[in-house]
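The chain below stands alone, shown as structure tokens; this is the form predicted on its own.
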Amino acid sequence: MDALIENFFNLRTMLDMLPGLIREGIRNTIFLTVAGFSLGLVLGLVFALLRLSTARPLRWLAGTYIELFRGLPLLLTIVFIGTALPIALRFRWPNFFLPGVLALGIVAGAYIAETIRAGIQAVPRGQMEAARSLGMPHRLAMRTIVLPQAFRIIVPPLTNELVLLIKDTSLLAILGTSIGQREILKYSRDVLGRTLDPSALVAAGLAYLALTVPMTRLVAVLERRNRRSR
């Protein structure tokens, strides 16, 4: 037991790496998560509306995007955007963050699109019909009446997607990063390689928990509020 504590819960190693973990690892993880989620939210809204369009080509386009990026592993998408694309087109990404945010956002957008579509379809059809009967254009009714109600319904699953995205940032380590660009896992792995102390990975796990546990508790609160409001 003492050996287990010494090898995996070395407080000296954890405290030594804490400033850098906060300043670099956690900060970059939060940035990648927020940027990727923001891009995914925009893409998700666009493709959810296209999926509900009356134009068949638009529905086909949205369906292809959603099924493609929900079916492919995120790691494959990261490698394709971060490595294969620059090799094929002979260019270099200006920094590590851009391909990482693109990969996270594109994949998150496919899942968010289905979430938003389900939220829109959960709004009673009478809401749109009432707005149309009052002479309101379809786009205006969708923007001012349907979408606000839909987003109130889908806040919990969107928050779940945000939690998943926090953890998915760890996959970006495969792209290779330099000092100042490392997220939580990459930073902790570098500390592990330098110190040979597994406590570095335990610190990484605690950092992820510090970010995700409050979010999961928020999801539970939002779900309870949604049930009461309904």
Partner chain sequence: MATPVIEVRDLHKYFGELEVLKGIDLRVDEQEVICVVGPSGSGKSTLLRCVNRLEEPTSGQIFIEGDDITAKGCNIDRVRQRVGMVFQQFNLFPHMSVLDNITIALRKVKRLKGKAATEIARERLDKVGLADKADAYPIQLSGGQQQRVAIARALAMDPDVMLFDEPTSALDPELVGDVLAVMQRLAEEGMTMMVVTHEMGFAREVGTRMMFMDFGVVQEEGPPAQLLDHPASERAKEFFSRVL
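Numbering follows the first chain given and starts at 1. Source: prediction; values computed, not measured.
Keep in mind that the form predicted in complex with its partner chain is not shown, yet the notes after this line are about it.
In summary, among the residues 77, 127, 115, 159, the only one with a non-hydrogen atom within 4.5 Å of its partner chain in the predicted complex is 127. Note on the partner interface in the predicted complex: the residue among 155, 102, 131, 72 having a heavy atom within 4.5 angstroms of its partner chain is 131.
Residue contact with its partner chain in the predicted complex: residue 140 places a heavy atom within 4.5 Å of it.
Residue 144 belongs to the set of residues with a heavy atom inside 4.5 Å of its partner chain in the predicted complex.
Contact residues in stretch 147-185 (any heavy atom within 4.5 Å of its partner chain, taken in the predicted complex) are 148, 149, 152.
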